[in-house]
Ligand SMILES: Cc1ncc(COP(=O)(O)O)c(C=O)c1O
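The data below hold one chain only, encoded as structure tokens and taken in the form predicted alone.
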């Protein structure tokens, strides 16, 4: 079996599940990916072979400690962070971002303003609006170009003020699929306002492309959810150590926990942490097996870190081909309107996450129900993208969102397009 995708798909038992003989099309990937068998096995092994709390002197506790340490190191490798102490793990990106917003509010000066965008998921908007309300900060909004589905640097520069204390940005959109100009935007912010804190939502970026926190234009935080990239329901935040050291976290009275434990209160989900490491080890396998052509690009890295970045570069290239096939196929269907980049020549500007509307008798919500009935798993998009959909004039209508991962194939896309055509006509 020399085909890489066949070997990759063999790692995912869920891809073989059928319902009354009908295969499943897991096109709900932007909301959460499927899980390789090794992740499940690693989590089960931890729980079945003796689970304990950390930092004890006995075998099961030592194992928990090792798992916790390696999970932080695995995400540090994935992000190319300087230290695992810069990695905070928790239940999901939303919960972690709300937590960080509480702590950041204590160190931001009173007065001034913050900047959020119409492109982002609400998890990178609401925490900061709440923080601003508590601090008496003004909330400014940055729109995006409705033709390019990306930000204009000139608009960003105009939106910044001498009083801007904090900026929240997406590195990729969970609706339009845009790979945003996050690095250029952050660099511009830091050049103009060196003390402003920049928080990046990288949830949609991390499953589809390499992320190097050393090359983010000076961003201070990057957040993600590990269940979006083949792991268990866990979230992760990278933060600059110097800034994390300034934050006063909630903790028990007698605790003097170092980084990152001071932000991970109480006993943690160690079985999920075992799955975090396994998910990264799975991706590293892809880098070793299928991406030798990326060796030179990441020659400055070693070990798992190098393999992870090689893997993500390989995944990005493969998924670009899938994106082209999906977008081209949708655009060929009468009455389909793609909310995002649709020019096949510009697939390097988007992820394989595609939202669309349809001119047909069905509403977007009803169209999704019809697709679900055909075993196409996808979502009706509205709530968590309220600001973006309102900005585009699509909130009442909503949209259909489908998304792919590196384990998908063109045959699956063709089947989806056939089913969609039958429903709308």
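Residue numbers count along the first chain shown, from 1. Please read these numbers as outputs of a predicted model, since none were measured by experiment.
The form predicted in complex with the ligand is left out here; the points below concern that form.
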All of 93, 123 and 227 within 4.5 Å of the ligand in the predicted bound form, heavy atom check = yes
Among 239-247, 156-164, 200-208, 302-310, which stretch has residues whose heavy atoms lie within 4.5 Å of the ligand in the predicted bound form?
-> 200-208
Heavy atoms within 4.5 Å of the ligand in the predicted bound form: does residue 36 have any?
-> no
Hey, in the predicted bound form, is residue 353 touching the ligand, heavy atoms inside 4.5 Å?
-> no
Is there any non-hydrogen atom of residue 174 lying within 4.5 Å of the ligand in the predicted bound form?
-> yes
Within a 4.5 Å heavy atom cut-off, is residue 30 in contact with the ligand in the predicted bound form?
-> yes
